[in-house]
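Okay, so here's just one chain, in structure tokens, the form predicted on its own.
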Amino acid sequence: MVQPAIQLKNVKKTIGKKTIIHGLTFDIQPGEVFGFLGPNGAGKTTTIRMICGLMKMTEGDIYIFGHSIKTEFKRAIQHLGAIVENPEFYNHLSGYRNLVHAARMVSGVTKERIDEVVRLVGLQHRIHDKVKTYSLGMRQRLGLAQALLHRPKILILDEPTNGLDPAGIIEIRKYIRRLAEKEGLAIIVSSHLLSEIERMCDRIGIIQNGRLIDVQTVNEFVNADAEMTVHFIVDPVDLAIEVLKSTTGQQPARTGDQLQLSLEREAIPGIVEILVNAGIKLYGITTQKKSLEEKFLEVTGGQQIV
């Protein structure tokens, strides 16, 4: 059995008399991208800070490749790389000089390793330019390079696409997937862009009011509902409405020659047969499942993620 990269066991955090994290327990595996989601104030940042050792937990423990944050902090934390919020650099220095400066703070980082991470994040053509000339996307990639210098086995990214344009978001998403798949890193991503989480992550954990609501694969979470929205392009529309209404008991929503119903997947062939037998021409069928954003708002009672 593969050892989890990160294990949270009954992790609690109390400040004063208020408990803000209520007994979190979940694992994150090597080579997976794990999305950590929750409404504003749910406890995401507090949990991330405890995993990074920046905040002490009140109860429970966090293990990084079997090493306790509480009792083996140095051995545990050596496996960790993190970008929390926006990475900071010396703007008057080149990207390369910034990496050299960061490398001095950890042992064993060679020039070859610096060159390797520069290639890995695709900055080799601009690495000797001053950071003040970098776009936000380039600064994020430089932050990734800095976090990867000491060959961590775990990468924690808090809002890695914050402030990026669509092209930059796609670029960072590709690098994150590449790091997980090619380098075998376990990656935790906290983001408010749920469409990106849906494309980027293997599993998600949802936290609300300091409690873990669920941990599932993205596919399982999005496809958990038996029903889906089905669109039928038909002619004549009025006859089709009557047939669908009498067959399903629903009043189809209409947009031009397109009708919309909520159906279980297994019911679709029967509906098609009924329409055809009624002399209705069927020009197209499309299905639409709930997005991660819609499901998230559903399970959190409509609270937005920020």
Partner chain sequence: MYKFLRLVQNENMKLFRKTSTLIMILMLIGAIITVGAITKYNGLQEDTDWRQNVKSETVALKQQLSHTHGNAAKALKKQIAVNEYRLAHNIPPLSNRSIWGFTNNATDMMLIITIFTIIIAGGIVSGEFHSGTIKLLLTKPVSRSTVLLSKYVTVLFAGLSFSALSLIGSWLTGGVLFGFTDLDHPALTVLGGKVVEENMLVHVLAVYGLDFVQLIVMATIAFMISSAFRNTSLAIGLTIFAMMGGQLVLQLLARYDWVKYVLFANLDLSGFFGTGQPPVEGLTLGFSITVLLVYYAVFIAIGWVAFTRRDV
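Residue numbers count along the first chain shown, from 1. So that the term is clear: the rigid core is the largest set of C-alpha atoms that superpose within 1.5 Å between two forms. These numbers come from a predicted model, not from an experiment.
A second form of this protein, the form predicted in complex with its partner chain, is not displayed here; the remarks below concern that form.
- Query: Is it the case that 199, 220 and 231 all touch its partner chain in the model of the complex, with a non-hydrogen atom of each within 4.5 angstroms?
  - Reply: Checking in the model of the complex: none of 199, 220 and 231 is within 4.5 Å of its partner chain.
- Message: Looking at 119, 111, 74, 182 here, can you tell me which has any non-hydrogen atom within 4.5 angstroms of its partner chain in the model of the complex?
- Response: Among 119, 111, 74, 182, a heavy atom within 4.5 Å of its partner chain in the model of the complex occurs only for 74.
- Query: Among the candidate residues 136, 194, 84, 215, which is the single one with a non-hydrogen atom no more than 4.5 Å from its partner chain in the model of the complex?
  - Reply: Filtering the options by heavy-atom distance leaves 84.
- residue 88: touches its partner chain in the model of the complex, heavy atom cutoff 4.5 angstroms: Although its partner chain is absent here, residue 88 would touch it in the model of the complex, with heavy atoms inside 4.5 Å.
- Verify the contact flag for residue 54: yes if a non-hydrogen atom of it lies within 4.5 Å of a non-hydrogen atom of its partner chain in the model of the complex, no if not. Yes, residue 54 is a contact residue.
- Message: Can you tell me whether residue 128 touches its partner chain? I mean in the model of the complex, with a 4.5 angstroms heavy atom cut-off.
- Response: Contact check for residue 128: no, nothing within 4.5 Å of its partner chain in the model of the complex.
- Query: Would residue 124 show up as a contact with its partner chain in the model of the complex if we use heavy atoms at 4.5 Å?
  - Reply: No, residue 124 stays farther than 4.5 Å from its partner chain in the model of the complex.
- Message: Counting any heavy atom within 4.5 Å as contact, can you tell me which stretch out of 202-210, 171-179, 232-240, 98-106 lines its partner chain in the model of the complex?
- Response: Answer to the contact question: 98-106.
- Query: After a core superposition, would you say residue 132 shifts its C-alpha by at least 2 Å between the shown form and the other one?
  - Reply: Yes.
- Rigid core fit then residue 174 CA moved by 2 Å or more between the shown form and the other one: Moves: no, less than 2 Å.
- Message: Could you check, with the core superposed, whether the Cα atom of residue 109 shifts 2 Å or more between the shown form and the other one?
- Response: The answer is no, as the C-alpha of residue 109 shifts between the shown form and the other one by less than 2 Å after core alignment.
- Since the Cα separation of residue 130 and residue 178 moves by 3 Å or more in the model of the complex, tell me which way: closer or farther than here. Compared with the shown chain, residue 130-residue 178 is farther in the model of the complex.
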